[in-house]
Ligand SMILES: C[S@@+](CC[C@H](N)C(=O)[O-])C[C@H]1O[C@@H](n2cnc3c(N)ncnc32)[C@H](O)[C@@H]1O
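Given as structure tokens, the chain that follows is alone and in the form predicted on its own.
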């Protein structure tokens, strides 16, 4: 169920779900799905026996995730809040993140509504950098972060920041997709900034996997 204004599962969700399916997840493992949206990834982790907490800054997303968990008969703890704030002091075996990552022109106005699910500042890293800096303290030894982002928002920087924090990090999945409505709407601006070449007709999505050594 997708409520109005809530990010619907798309190619990035599917790519991250594929990476999740490759992870070994022991029964009862503590899982955090940050930016849960409809709760699709949280539900996938719960079906595998994870003890799942889902977080979103949108109250509509929180309601959607709770409704979808109830419909699926799965127990998920859903919290409202900004990124990791609702789970301060907790640690996890696995963190899933599908954050905003699309570069956006500066409008001088605060991002509102469904655009909060994708707009991420002029370089697309407004949330990505925060995750890279804050997630190490949420991971248990051997814990894993799975994060999906666009190649437009510099996956190499994501890897570098995570490695600087002491994690082993690499890109484990890639997928090229046709431009969606958001990218088509700002295609000219992205080309002017050099984030897209004149010949680019597809966007590349990647999954970054980072692990905290035992």
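Residue numbers count along the first chain shown, from 1. Owing to the predicted nature of the structure, the values given are computational and were not obtained by experimental measurement.
From this point on, the text means the form predicted together with this ligand, which you will not see here.
Of the residues given (69, 161, 169, 57), 57 alone sits with a heavy atom within 4.5 Å of this ligand in the model of the complex. Out of the listed residues 104, 83, 94, 78, 83 is the one that sits within 4.5 Å of this ligand in the model of the complex by at least one heavy atom. Although the partner is absent here, residue 37 is a contact residue: one of its heavy atoms lies within 4.5 angstroms of this ligand in the model of the complex.
This ligand is not shown here, and in the model of the complex it never comes within 4.5 Å of any heavy atom of residue 87.
This ligand is not drawn, but in the model of the complex it has a heavy atom within 4.5 Å of residue 9. Of the heavy atoms in residue 116, some are within 4.5 Å of this ligand in the model of the complex. Contact with this ligand, judged by heavy atoms within 4.5 Å in the model of the complex, is confined among 44-52, 171-179, 57-65, 22-30 to 57-65.
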